[in-house]
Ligand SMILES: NC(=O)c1ccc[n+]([C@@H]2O[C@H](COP(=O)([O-])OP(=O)(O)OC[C@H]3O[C@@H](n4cnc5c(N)ncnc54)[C@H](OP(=O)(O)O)[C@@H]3O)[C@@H](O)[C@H]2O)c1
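So this first bit is one chain, no partners, the form predicted alone, shown in structure tokens.
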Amino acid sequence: MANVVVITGGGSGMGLEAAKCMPKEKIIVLSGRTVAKLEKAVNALTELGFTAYAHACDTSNRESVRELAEYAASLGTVKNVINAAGLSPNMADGEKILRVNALGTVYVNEEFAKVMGPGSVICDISSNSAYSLPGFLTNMAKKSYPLAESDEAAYLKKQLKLANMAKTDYQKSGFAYALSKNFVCWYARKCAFAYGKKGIRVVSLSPGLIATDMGKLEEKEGGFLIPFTAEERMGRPEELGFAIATVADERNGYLAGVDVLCDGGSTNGKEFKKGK
């Protein structure tokens, strides 16, 4: 059977660029909420010599994710899953962001783990925003992270209570975004040890500000990070696509249970470029 790569949020940006870096002998399944965008992406991959399919999926809905996993498994052996679907602060309110970014990661990891076997890998896309939370807030948030698997309503309530400590609507969404991405890093680590027994490798990757449609939408508020990067620029989608594809490659078999911070150095630059 052919090996299958599944990329949520694969209709554009980093997800699509990651698909372009995959071996052409693999079947590519792109998922997202907008069918027209997915079909355009599939056509672009087909022109490059890939075998690709589009499948609509709302990652904030477990049943939708389950259907995607079953569809992918019907095409062959699911070898690589890249969960790049997500919402940023300017795209939705705090609850929607948490449902897509955090609970969506739970659904993707759990449902795909059911159809994946030894030698496969799940790469969850987080953000360098996961590193931006004050330590006390991160510690408070982590106490309720396990609820995402057992009591979604309680998880959302506790996370939103923290996010709503901010003053403006945008800041509240921004806090929810950072909380959701911090959760992704935590959950990927948790899954690495839970699924490692099945031979499924799990890792996360945290991009910085990238020149995608989403990144440009957040450039006004997030642009302050650019001077802190080593090269003082935004990242390019193709750079992140290559990084994601490399991390998600099953041959990179000893990279598990960690977050790969791919943000041009902006997180560490706050220390090394301070005052310059």
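Everything quoted here is computed from the prediction, not taken from an experiment. Heads up: residue numbers just count along the shown sequence, starting at 1.
Below: the form predicted in complex with this ligand, not depicted.
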Counting only heavy atoms and a 4.5 Å cutoff, which of 264-272, 21-29, 5-13, 248-256 contacts this ligand in the predicted complex?
-> 5-13
Spell out, yes or no, whether the shortest heavy atom distance between L87 and this ligand in the predicted complex is within 4.5 Å.
-> yes
With the partner left out of view, is L209 within 4.5 angstroms of this ligand in the predicted complex by any non-hydrogen atom?
-> yes
At the 4.5 Å heavy atom threshold, is A102 in contact with this ligand in the predicted complex?
-> no
Are any of the heavy atoms in I125 no more than 4.5 Å from a heavy atom of this ligand in the predicted complex?
-> yes
Contact with this ligand in the predicted complex, heavy atom within 4.5 Å, among A166, A194, A154, M91 goes to M91
Taking only heavy atoms into account, state which residues of 47-67 are within 4.5 Å of this ligand in the predicted complex, ordered by sequence.
-> C57, D58, T59, S60
